[in-house]
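Single chain ahead, written as structure tokens, the form predicted on its own.
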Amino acid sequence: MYGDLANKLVIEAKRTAQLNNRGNKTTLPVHNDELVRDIIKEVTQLKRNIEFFKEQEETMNENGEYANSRIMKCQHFVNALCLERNKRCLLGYQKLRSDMLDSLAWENNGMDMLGTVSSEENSNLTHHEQEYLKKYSELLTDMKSGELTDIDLSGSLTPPREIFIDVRVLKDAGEIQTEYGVFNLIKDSQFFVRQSDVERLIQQGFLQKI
């Protein structure tokens, strides 16, 4: 039935959104190329149906077959609705993935994501998504290196409940300079630091809040 494939795509997108809402790190699943192609084929078939029903409706009106013409008009309308719904589902799916790519770029402070993600994560992206992520990260880096250097645009919009927090180092990150001194971030070590000084390292997975 028309629309069933698009419904599967919406369910997949909804599941992806729910999984990412539960975690702190954005995880993008593999792009469902096969399902997207099948929906596009269905859209193409619906366009052919619409053209056919429209021609039949006009012919029947010319021949005075008004009862049959109304049937063709109804079929034309239903197919048009199915086509629009498929298009909206496809756009919704792509919008969700592009929003998640934006989040990945912000979480990594505008760094070149393609050079930092694993090969498995990279394979989840289409070629166009890889290009989009690269260009978006470049725009973010350019914006931060301009007049807004002193403003942490990628910081959390939620005010912290505590100024200082305990953190555990998950992987070596070297030394960091803060207002309260220098910290040597060695794996499995713990520190009591100001949250604003290490928030970016927490988002990047170097530190974990205890």
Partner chain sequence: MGYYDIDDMLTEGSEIPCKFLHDIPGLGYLENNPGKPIKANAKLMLPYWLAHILAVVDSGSIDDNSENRMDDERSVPFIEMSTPESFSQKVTNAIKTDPVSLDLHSINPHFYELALKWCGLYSDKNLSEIVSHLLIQRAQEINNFAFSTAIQNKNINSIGSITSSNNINDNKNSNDNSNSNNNNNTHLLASSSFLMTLDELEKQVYKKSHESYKDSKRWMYQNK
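Predicted, not measured: the structure shown is a model, and the values here were computed from it. Residue numbers count along the first chain shown, from 1. Think of the rigid core as the biggest set of C-alphas that the two forms share within 1.5 Å after superposition.
Keep in mind that the form predicted together with its partner chain is not shown, yet the notes after this line are about it.
Contact flag, residue 69 vs its partner chain in the predicted bound form, heavy atom cut 4.5 Å: It does: once its partner chain is placed as it appears in the predicted bound form, residue 69 has a heavy atom within 4.5 Å of it.
Heavy atom of residue 205 within 4.5 Å of its partner chain in the predicted bound form: So residue 205 does not count as contacting its partner chain.
4.5 angstroms heavy atom contact with its partner chain in the predicted bound form for residue 11: Result yes; residue 11 sits at the interface with its partner chain in the predicted bound form.
Non-hydrogen atom contact residue 18 with its partner chain in the predicted bound form at 4.5 angstroms: Judged by the heavy-atom cut-off of 4.5 Å, residue 18 is in contact with its partner chain in the predicted bound form.
Sequence-ordered residues of 85-105 touching its partner chain in the predicted bound form, heavy atom within 4.5 Å: Contacting residues: 85, 87, 88, 89, 91, 92, 95.
Post core alignment: residue 56 C-alpha displaced by 2 Å or more between this form and the one not shown: The answer is yes, as the C-alpha of residue 56 shifts between this form and the one not shown by 2 Å or more after core alignment.
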